[in-house]
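Below, in structure tokens: the form predicted alone, a single chain.
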Amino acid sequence: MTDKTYENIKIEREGEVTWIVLNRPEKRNAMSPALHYDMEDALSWLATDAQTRVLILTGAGQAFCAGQDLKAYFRENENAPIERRRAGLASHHWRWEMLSTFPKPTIAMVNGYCFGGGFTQLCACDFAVASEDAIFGLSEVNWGIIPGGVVAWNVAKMLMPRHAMYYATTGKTFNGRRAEQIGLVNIAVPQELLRQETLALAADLLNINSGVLRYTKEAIRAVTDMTVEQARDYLAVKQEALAKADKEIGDKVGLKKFLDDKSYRPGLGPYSK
């Protein structure tokens, strides 16, 4: 089956790794309503695509995403309330609801500028790798607005309170090295190693049982706002559900490798697919 093609994004394949590339480089990949509709369709398709086991989100050219395209998203829809609402729903749908619950591991590869609304899909991805000289910023305060949508919520959840307050209220920018220090990305690497390191992380994820990976990432997101009692009950039920959904887990293949076969040592080898 031929892959779908889109006007505002590109789909690229590398084995079982699928790339979604925001493709408006002349606008630093600022998001238009049309891009939101493309992303909704692509994520819906790739969620059940058999070839896709890891999804990487990045941007074409020198930017990851410069936020919303203010002209296309706001100004051009000032007198079109129905289209404005449709675009708003699509924007939130793919950037948070679809991406944060995507059934396969997701990696944001931040290759350059990441501003404003671009933080939402960055935080929605399970992992993030950034170029050391990528530039991040919440510049909304300079225009007399607040980081809207769920950007402020994402930043408050992702960062320590002091960092979230500082960058949201000052509008100051920071680079990929600082993003790693404050926990916004997992690792920051030189630009020339960015793709290589991102694919290395993807390769690590491909070596993990896909069922375990999915249920674990769902569990980590779910327990964040639970009490310890709620988390304990939830995780017990989640493990039971995993064992029923995946025969390899139900048969305790991983435990047998560790306890009986002695073929796996923690820290020295991955749990096989």
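Quick note: we count residues from 1 along the sequence shown, nothing fancier. These figures come from a predicted structure and were not determined experimentally.
Below, we refer to the form predicted in complex with ligand ACO, which is not included among the displayed structures.
**Q** Can you pick out, from 102, 127, 94, 115, the residue that has a heavy atom within 4.5 Å of ligand ACO in the predicted bound form?
**A** Looking at 102, 127, 94, 115 one by one, just 115 meets the 4.5 Å heavy-atom criterion.
**Q** Between 162, 71, 157, 172, only one gets a heavy atom within 4.5 angstroms of ligand ACO in the predicted bound form; which residue is that?
**A** When ligand ACO is considered in the predicted bound form, the option within 4.5 Å is 71.
**Q** Taking ligand ACO as it sits in the predicted bound form, is residue 145 near enough to touch it, meaning that at least one heavy atom pair lies within 4.5 angstroms?
**A** It does: once ligand ACO is placed as it appears in the predicted bound form, residue 145 has a heavy atom within 4.5 Å of it.
**Q** Can you tell me if residue 28 lies within 4.5 angstroms of ligand ACO in the predicted bound form, counting non-hydrogen atoms only?
**A** Because a heavy atom of residue 28 falls inside 4.5 Å of ligand ACO in the predicted bound form, the answer is yes.
**Q** Report yes if any heavy atom of residue 209 sits within 4.5 Å of a heavy atom of ligand ACO in the predicted bound form; otherwise report no.
**A** The answer is no: residue 209 has no heavy atom within 4.5 Å of ligand ACO.
**Q** Please determine whether residue 139 contacts ligand ACO in the predicted bound form, using a 4.5 Å cut-off between heavy atoms.
**A** It does: once ligand ACO is placed as it appears in the predicted bound form, residue 139 has a heavy atom within 4.5 Å of it.
**Q** Please identify, from 59 to 67, 213 to 221, 227 to 235, 44 to 52, the stretch that has a heavy atom within 4.5 Å of ligand ACO in the predicted bound form.
**A** Among the candidates, contact is made by 59 to 67.
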